[in-house]
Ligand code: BDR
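Before any questions on how it binds or moves, here is one chain, the form predicted on its own, in structure tokens.
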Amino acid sequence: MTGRQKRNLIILTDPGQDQAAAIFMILGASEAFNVKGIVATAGNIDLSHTVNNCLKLLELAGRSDIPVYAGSPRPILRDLTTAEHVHGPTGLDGVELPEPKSRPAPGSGVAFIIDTIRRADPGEITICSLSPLTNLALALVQAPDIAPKINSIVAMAGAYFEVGNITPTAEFNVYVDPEAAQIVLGSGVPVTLLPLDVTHQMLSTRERLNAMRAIGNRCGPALADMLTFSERFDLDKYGWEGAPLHGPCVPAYMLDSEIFSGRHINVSVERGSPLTLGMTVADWWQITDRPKNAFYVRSGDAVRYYQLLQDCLKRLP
């Protein structure tokens, strides 16, 4: 792992098996990350489940000291689209997780984002987004003064070369709340996007899942069981040797950006077309004069990625 300064994170998440992997990677890299709090998002499953899933994952990892806040129960303008067909009726099927002893933190997730950033020094807080961007967008609209204080936003969101995974043209996190994604991309905060274009290269092969199981702690085998459950949908759909593991690309990028490559471009979100709603239009070839508003990650080294994940999992109980 690289010897960078420790990052103070706010995590936005709607776990989700792949997001369980991302959360475990973050918790296993405690020398690199200080988690100020987690904001549960309505997305893969409804908000009540995502809050509980966050608490269960922290309980398993022995980190119930991290506060979990409930965010908005729905997108800004649209009805909620969920993904039980992938993640199961709890949103986190595949393993029996411990019932959490902790409770959700009082107050709303949006207020937590605003208050935490306002109290922090400029550049002290990084947003780690693994989910639809609803709560961050609401915070930016309600408190535009926080935007200049955010260090950066690193988000699993979007697709261009790999097009869509919830519709033919849209990636799930953006499709669920395209208005939120556009607000974030237009906020002026430095944004890094880890889209399907890179996450589809990070395949959880049988060998990699078996390596997680062989760690011998609680979290490694539990994660392998979760991913074995959720991979069925992707294996049937794509016919690949393993399912793409999306979420951990976000903390992996923050831990070792040299695993990945990309470029600064303009990314805009389609919000008006029924056919392409939620599409992230990536101006990869700089065809327009629209301002560059995101570092768009295009590719990565899967071997180094899974080694980094394995190293983090080994540090957990």
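Numbering starts at 1 and follows the sequence shown. What you see is a predicted model; the values in this text were computed from it and never measured.
What follows is about the form predicted in complex with ligand BDR, which we do not show.
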Residue within 4.5 Å of ligand BDR in the predicted complex by heavy atom, from A139, L130, V198, L193, is L130
Only one of 102-110, 117-125, 225-233, 168-176 sits within 4.5 Å of ligand BDR in the predicted complex by heavy atom distance, namely 168-176
Practice problem: Spell out, yes or no, whether the shortest heavy atom distance between M156 and ligand BDR in the predicted complex is within 4.5 Å. | Solution: yes
**Q.** 4.5 Å heavy atom contact, T50 and ligand BDR in the predicted complex
**A.** no
### Task
Look up in the predicted complex whether T280 has a non-hydrogen atom within 4.5 angstroms of ligand BDR, and give yes or no.
no
Near ligand BDR in the predicted complex, with a heavy atom at 4.5 Å or closer, the residues from 29-47 are N44
